[in-house]
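Only one chain is shown below, in structure tokens, and it's the form predicted alone.
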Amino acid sequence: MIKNLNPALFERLLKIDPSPNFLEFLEKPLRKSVRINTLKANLDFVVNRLSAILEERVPWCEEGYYVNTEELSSIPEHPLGVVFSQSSVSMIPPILMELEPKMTVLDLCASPGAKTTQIAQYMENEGCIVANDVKIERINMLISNLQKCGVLIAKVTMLDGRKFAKFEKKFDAVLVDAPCSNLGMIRKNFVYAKQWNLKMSLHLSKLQKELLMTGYKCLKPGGILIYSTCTLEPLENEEVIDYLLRNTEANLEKIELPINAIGGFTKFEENSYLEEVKKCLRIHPQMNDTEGFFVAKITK
């Protein structure tokens, strides 16, 4: 039980969501889901071929399906990159980017590449994706997944994401899927509950603000910037979006998706945030039987 492992986290989670089934779902095993990679095969063909393991379609992603097997490695389509194991809520950011072929796109924190490969899929392998991450071991995972999925348009870079600030107004769309405390992923790996402390979230919040400000600088006027995390912590979510809104002329767009969610908090503990932050989506585990997730759609 979370309350037995970390009392401080238990209390904080109940402040974030006092719903009676919230903690119950955090400890419930996560449903496995995959995205069908249309860069390699026709969607209907794969759905028919894998009908024995594909269950319901992910409501917000045409290519996403929940599966009834834990042994994806035994299915030839998986190592071939025809299907890609991906959390259903992590499919949301590329959907919101309004991607088209021939765009120039920045994925600032790209590894392990699930969203990067999805971006390439929606761009139909036409254009350019700059896929960046900061550590060599993460770059290796990213390159492996790009190759497996048949992505031909990615330029992989290994930089501190904040260094991209010098590339002002260069990208049609930007994704900042920021490093976070992973509190939304407790269902997948309970170690995140053990590792969390408030100091960690405060440190990450500072980094996330700098990365988001960088992403905004890189964005062309009229472009779309997506900020997402797999944490439930307001310091890493609403606090970061509020900072961007107060320090730039960024606009938040209302997100329309067939998903159960709530708007961003305008107040948490002693912190108050702009009313605009309500346009963000907070997805808690019990709402759709998924991981926890946060996403914001920003325009320039």
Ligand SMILES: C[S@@+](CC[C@H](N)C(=O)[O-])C[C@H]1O[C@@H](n2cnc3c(N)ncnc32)[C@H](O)[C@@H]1O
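Heads up: residue numbers just count along the shown sequence, starting at 1. Values in this document were obtained by computation on a predicted structure and should not be read as measured data.
We do not show the form predicted together with the ligand, though everything after this point is about it.
The partner is absent here; in the predicted bound form, the one residue of A178, M123, I186, L225 having a heavy atom within 4.5 Å of the ligand is A178. Checking C218, V151, A114, M97 for any heavy atom within 4.5 Å of the ligand in the predicted bound form turns up a single hit: A114. Contact check for A110, N132 and R138: all three have a heavy atom within 4.5 Å of the ligand in the predicted bound form. Residue contact with the ligand in the predicted bound form: E168 places no heavy atom within 4.5 Å of it. Not displayed here, the ligand is kept clear of V83 by more than 4.5 Å at the level of heavy atoms in the predicted bound form. Although the partner is absent here, L72 is not a contact residue: none of its heavy atoms lies within 4.5 angstroms of the ligand in the predicted bound form.
The ligand is not shown here, but in the predicted bound form it comes within 4.5 Å of a heavy atom of L159. The stretch among 97 to 105, 75 to 83, 207 to 215, 188 to 196 whose residues place heavy atoms within 4.5 Å of the ligand in the predicted bound form is 207 to 215.
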